[in-house]
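Coming up is one lone chain in structure tokens, specifically the form predicted alone.
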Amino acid sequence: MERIRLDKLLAAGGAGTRSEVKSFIRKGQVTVNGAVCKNADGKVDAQNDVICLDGQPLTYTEFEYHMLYKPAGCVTAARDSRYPTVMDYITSARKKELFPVGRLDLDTEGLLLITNDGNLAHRLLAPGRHVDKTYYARIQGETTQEDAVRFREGIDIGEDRLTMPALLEILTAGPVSEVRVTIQEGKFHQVKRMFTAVGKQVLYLKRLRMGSLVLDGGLQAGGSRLLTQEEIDDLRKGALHE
């Protein structure tokens, strides 16, 4: 890991805002390898140096990974002039470094990964990786096994090629059907366009899974939490081997 500014490390480690940690440093409350350091923009080695605030060691990790239950009505972007964004639901001190991995439509809910790990994000989103994305949906119209066959064969959604084979699981069938859909692409409005192509309409859409990462059933819409180390390891392994 490259050396980083002391004030940035403290803020990223949750010690306070950038202005607050600068005050701690000026007051001599911060030590680096046992010696008081009053140089806020001095560079430190986050992995090997021992940084303490008021005698308490601080930990720093290069990357952060947040699971967000994206609510409907917000856009998957860092900023927007018309709507709230998914980043409004993240409270990390490193918020400016973070970004959403992929995109969910304005009215779509569910799992969204927020991170500053660009390499992992690229691997999860690269078309050639074929990472599974699973959605729950309510559909206007009776969903049939014929629809499931067409999804497996690929759907013409008006592009140069058919969609990749997708798994359509029918949970309930009727005037309003409930289904689970697993796709391996991320085309614009893809799930909605696939159902439109078979004469149906998506009424509600929620992403449940991306790769190995599954939406935490304990989260409410708008809620978020840091990923566990096991979840991070599984995501990395899957991204490498997909």
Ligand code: URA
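Please read these numbers as outputs of a predicted model, since none were measured by experiment. For every residue, the number given is its place in the sequence shown, counted from 1.
The same protein also exists as the form predicted in complex with this ligand; that form is not shown, yet it is the one meant from here on.
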Query - Which of 182-190, 58-66, 23-31, 213-221 sits within 4.5 Å of this ligand in the model of the complex, heavy atom basis - result: 182-190
Requested in this report: Heavy atom within 4.5 Å of this ligand in the model of the complex: which of 116, 134, 108, 163 fits that? Just give me the one.
Outcome: 108
Requested in this report: Could you tell me which one of 104, 148, 74, 121 places a heavy atom within 4.5 Å of this ligand in the model of the complex?
Outcome: 104
Query raised in the report: Could you tell me if residue 205 has a non-hydrogen atom within 4.5 Å of this ligand in the model of the complex?
Result: yes
